[in-house]
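Have a look below at one chain only, the form predicted on its own, in C-alpha coordinates format.
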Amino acid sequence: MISDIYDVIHRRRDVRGQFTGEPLPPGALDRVLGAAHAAPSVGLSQPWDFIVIRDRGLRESFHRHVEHERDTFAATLDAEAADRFSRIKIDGVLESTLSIVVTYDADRGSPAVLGRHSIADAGLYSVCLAIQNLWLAATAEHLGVGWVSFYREAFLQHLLGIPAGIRPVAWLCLGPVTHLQGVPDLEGHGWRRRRPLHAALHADRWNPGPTTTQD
(Lines give C-alpha, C1' and ligand atoms only; values in the text may rest on other atoms or scores of the structure.)
Protein backbone atom coordinates (compact mmCIF):
# COMPACT_ATOMS: atom_id res chain seq x y z
CA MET A 1 0.00 0.00 0.00
CA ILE A 2 1.12 3.58 -0.66
CA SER A 3 0.67 4.45 3.00
CA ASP A 4 3.20 1.78 4.04
CA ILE A 5 6.23 3.63 2.65
CA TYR A 6 5.21 6.85 4.39
CA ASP A 7 4.78 4.94 7.65
CA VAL A 8 8.30 3.50 7.34
CA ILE A 9 9.79 6.91 6.50
CA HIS A 10 8.25 8.56 9.54
CA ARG A 11 8.98 5.67 11.92
CA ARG A 12 12.67 5.55 10.99
CA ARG A 13 14.96 6.65 13.80
CA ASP A 14 18.70 6.90 14.44
CA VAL A 15 18.92 4.20 17.12
CA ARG A 16 21.45 4.30 19.93
CA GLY A 17 20.04 2.94 23.18
CA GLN A 18 17.33 0.47 22.16
CA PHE A 19 19.36 -2.40 20.64
CA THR A 20 18.76 -5.84 22.18
CA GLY A 21 21.76 -7.66 20.69
CA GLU A 22 19.55 -10.54 19.57
CA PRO A 23 20.22 -12.29 16.23
CA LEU A 24 18.66 -10.91 13.07
CA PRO A 25 15.68 -12.85 11.67
CA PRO A 26 16.64 -15.36 8.95
CA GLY A 27 17.22 -13.63 5.62
CA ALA A 28 16.86 -10.11 7.02
CA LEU A 29 20.48 -9.09 6.43
CA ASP A 30 20.36 -10.24 2.80
CA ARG A 31 17.12 -8.37 2.24
CA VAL A 32 18.41 -5.16 3.82
CA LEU A 33 21.68 -5.27 1.88
CA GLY A 34 19.76 -6.13 -1.28
CA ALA A 35 17.67 -3.01 -0.82
CA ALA A 36 20.81 -0.93 -0.34
CA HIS A 37 22.38 -2.41 -3.46
CA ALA A 38 19.23 -1.59 -5.46
CA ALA A 39 19.73 2.16 -4.93
CA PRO A 40 20.13 4.43 -7.95
CA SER A 41 23.67 5.56 -8.73
CA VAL A 42 25.24 8.09 -11.06
CA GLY A 43 26.22 6.43 -14.33
CA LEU A 44 25.16 3.07 -12.84
CA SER A 45 28.57 3.13 -11.14
CA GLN A 46 27.32 1.50 -7.91
CA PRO A 47 30.32 3.01 -6.08
CA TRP A 48 29.50 1.41 -2.72
CA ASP A 49 30.77 -1.62 -0.82
CA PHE A 50 29.45 -3.05 2.45
CA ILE A 51 31.72 -4.41 5.20
CA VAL A 52 29.68 -6.53 7.64
CA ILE A 53 31.34 -6.47 11.05
CA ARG A 54 30.56 -9.04 13.71
CA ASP A 55 34.01 -9.31 15.32
CA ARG A 56 33.81 -8.11 18.93
CA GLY A 57 37.44 -6.98 19.03
CA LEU A 58 37.02 -4.71 16.02
CA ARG A 59 33.87 -3.21 17.49
CA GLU A 60 35.54 -2.59 20.84
CA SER A 61 38.50 -0.88 19.14
CA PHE A 62 36.17 1.32 17.15
CA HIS A 63 34.09 2.10 20.25
CA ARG A 64 37.17 3.29 22.15
CA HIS A 65 37.97 5.61 19.24
CA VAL A 66 34.38 6.91 19.21
CA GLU A 67 34.57 7.66 22.94
CA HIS A 68 37.79 9.61 22.39
CA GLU A 69 36.17 11.66 19.63
CA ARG A 70 33.15 12.23 21.85
CA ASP A 71 35.43 13.71 24.52
CA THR A 72 37.16 15.85 21.89
CA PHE A 73 33.82 17.30 20.78
CA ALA A 74 32.58 17.78 24.36
CA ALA A 75 35.66 19.89 25.12
CA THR A 76 34.51 22.45 22.50
CA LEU A 77 31.13 23.06 24.18
CA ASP A 78 30.14 25.64 26.76
CA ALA A 79 29.09 24.37 30.17
CA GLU A 80 25.36 24.26 29.46
CA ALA A 81 25.73 22.47 26.14
CA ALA A 82 28.31 20.07 27.59
CA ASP A 83 25.93 19.12 30.38
CA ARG A 84 23.13 18.47 27.89
CA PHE A 85 25.48 16.50 25.63
CA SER A 86 26.66 14.33 28.53
CA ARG A 87 23.18 12.79 28.74
CA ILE A 88 23.03 11.86 25.04
CA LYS A 89 24.10 8.36 23.98
CA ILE A 90 25.89 8.65 20.65
CA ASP A 91 26.25 5.05 19.49
CA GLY A 92 25.16 1.44 19.84
CA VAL A 93 28.38 -0.14 18.58
CA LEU A 94 28.65 -2.71 21.36
CA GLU A 95 24.93 -3.26 21.98
CA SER A 96 23.81 -3.85 18.39
CA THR A 97 23.89 -7.26 16.72
CA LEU A 98 26.38 -6.24 14.05
CA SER A 99 27.70 -3.26 12.16
CA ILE A 100 27.92 -2.38 8.48
CA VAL A 101 30.50 0.05 7.12
CA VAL A 102 29.50 1.57 3.78
CA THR A 103 32.32 2.80 1.58
CA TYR A 104 32.70 4.93 -1.55
CA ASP A 105 34.98 4.13 -4.48
CA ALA A 106 35.33 7.25 -6.64
CA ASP A 107 37.11 5.24 -9.35
CA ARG A 108 34.25 2.77 -9.84
CA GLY A 109 33.07 3.18 -13.44
CA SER A 110 36.02 5.42 -14.38
CA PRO A 111 37.33 7.02 -16.47
CA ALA A 112 33.99 8.32 -17.76
CA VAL A 113 31.23 8.14 -15.15
CA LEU A 114 28.14 9.26 -17.04
CA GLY A 115 26.57 12.22 -15.23
CA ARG A 116 29.49 13.03 -12.94
CA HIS A 117 31.56 15.25 -15.21
CA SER A 118 30.27 18.51 -13.67
CA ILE A 119 29.29 17.34 -10.17
CA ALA A 120 32.20 15.51 -8.59
CA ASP A 121 30.20 14.53 -5.49
CA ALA A 122 27.44 12.77 -7.45
CA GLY A 123 29.05 9.42 -6.63
CA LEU A 124 29.07 10.23 -2.93
CA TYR A 125 25.39 11.19 -3.16
CA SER A 126 24.76 7.75 -4.68
CA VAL A 127 26.30 6.06 -1.64
CA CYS A 128 24.01 8.11 0.60
CA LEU A 129 21.02 6.85 -1.39
CA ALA A 130 22.17 3.27 -0.74
CA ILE A 131 22.41 4.05 2.98
CA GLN A 132 18.90 5.49 2.99
CA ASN A 133 17.57 2.40 1.21
CA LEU A 134 19.27 0.21 3.82
CA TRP A 135 17.81 2.28 6.66
CA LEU A 136 14.26 2.18 5.35
CA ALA A 137 14.45 -1.54 4.60
CA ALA A 138 15.72 -2.19 8.13
CA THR A 139 12.85 -0.14 9.56
CA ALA A 140 10.38 -2.17 7.50
CA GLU A 141 11.98 -5.31 8.98
CA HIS A 142 11.41 -3.86 12.49
CA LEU A 143 15.15 -3.47 12.97
CA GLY A 144 17.06 -0.44 14.19
CA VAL A 145 19.92 1.39 12.50
CA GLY A 146 22.29 3.85 14.13
CA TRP A 147 24.70 5.96 12.07
CA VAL A 148 27.89 6.62 14.06
CA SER A 149 29.67 9.81 13.00
CA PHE A 150 32.17 10.35 15.84
CA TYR A 151 35.24 8.95 14.10
CA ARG A 152 38.17 9.86 11.89
CA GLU A 153 38.15 8.32 8.43
CA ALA A 154 41.87 7.52 8.55
CA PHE A 155 41.39 5.53 11.76
CA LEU A 156 38.59 3.47 10.27
CA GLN A 157 40.53 2.84 7.05
CA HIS A 158 43.43 1.47 9.09
CA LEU A 159 41.23 -0.56 11.45
CA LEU A 160 39.40 -2.37 8.63
CA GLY A 161 42.21 -2.48 6.06
CA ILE A 162 40.28 -0.31 3.60
CA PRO A 163 42.51 0.43 0.58
CA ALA A 164 43.75 3.93 -0.14
CA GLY A 165 41.28 5.82 -2.32
CA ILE A 166 38.26 4.01 -0.85
CA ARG A 167 36.40 6.33 1.51
CA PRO A 168 34.45 5.02 4.53
CA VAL A 169 31.19 6.97 4.51
CA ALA A 170 29.18 5.43 7.34
CA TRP A 171 29.48 3.03 10.27
CA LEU A 172 25.95 1.70 10.75
CA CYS A 173 24.86 -0.28 13.81
CA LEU A 174 22.13 -2.80 12.97
CA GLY A 175 19.92 -5.14 14.96
CA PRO A 176 16.63 -5.86 16.69
CA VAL A 177 15.42 -3.16 19.08
CA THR A 178 13.01 -2.95 21.98
CA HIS A 179 11.21 -0.10 20.20
CA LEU A 180 11.73 2.94 18.00
CA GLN A 181 11.48 6.30 19.76
CA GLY A 182 8.47 8.48 19.02
CA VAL A 183 10.75 11.48 18.53
CA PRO A 184 14.46 11.63 17.62
CA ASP A 185 16.85 11.41 20.59
CA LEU A 186 18.34 14.84 19.95
CA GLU A 187 14.89 16.41 19.98
CA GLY A 188 13.97 14.48 23.12
CA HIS A 189 17.10 15.75 24.86
CA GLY A 190 16.45 19.33 23.78
CA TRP A 191 19.55 19.52 21.60
CA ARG A 192 17.72 20.57 18.44
CA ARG A 193 14.14 20.76 17.24
CA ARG A 194 12.80 19.74 13.88
CA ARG A 195 12.60 22.46 11.27
CA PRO A 196 9.07 22.62 9.84
CA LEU A 197 8.67 21.94 6.13
CA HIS A 198 7.34 25.41 5.35
CA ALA A 199 10.58 26.93 6.60
CA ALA A 200 12.52 24.94 3.98
CA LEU A 201 10.31 25.74 0.98
CA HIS A 202 11.15 28.34 -1.66
CA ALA A 203 9.14 29.31 -4.74
CA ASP A 204 11.08 29.58 -8.01
CA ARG A 205 13.99 31.46 -6.40
CA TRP A 206 15.67 31.51 -3.00
CA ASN A 207 13.61 33.73 -0.74
CA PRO A 208 14.36 34.66 2.89
CA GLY A 209 10.82 34.15 4.19
CA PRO A 210 8.75 30.99 4.48
CA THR A 211 6.40 29.91 1.73
CA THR A 212 3.65 27.30 1.56
CA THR A 213 2.63 24.42 -0.65
CA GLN A 214 -0.57 26.33 -1.59
CA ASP A 215 -0.86 28.37 -4.79
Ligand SMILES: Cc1cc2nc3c(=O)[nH]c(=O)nc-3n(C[C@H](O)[C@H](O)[C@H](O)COP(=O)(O)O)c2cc1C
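Everything numeric here is computed off the predicted structure, so don't read it as measured data. Throughout, we count residues from 1 along the sequence that is shown.
The same protein has a further form, the form predicted together with the ligand, not shown here; the description that follows concerns it.
The candidate stretches are 117 to 125, 104 to 112, 84 to 92, 136 to 144, and the one lying within 4.5 Å of the ligand in the predicted complex by heavy atoms is 84 to 92. The closest non-hydrogen atom of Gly34 lies beyond 4.5 Å of the ligand in the predicted complex. When the ligand is considered in the predicted complex, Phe50 lies well away from it, no heavy atom lying within 4.5 Å. Put simply, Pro40 is far from the ligand in the predicted complex: not one heavy atom of it is within 4.5 Å. With a 4.5 Å cutoff on heavy atoms, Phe150 counts as touching the ligand in the predicted complex. Contacts to the ligand in the predicted complex (heavy atom within 4.5 Å) from stretch 16 to 49: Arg16 only.
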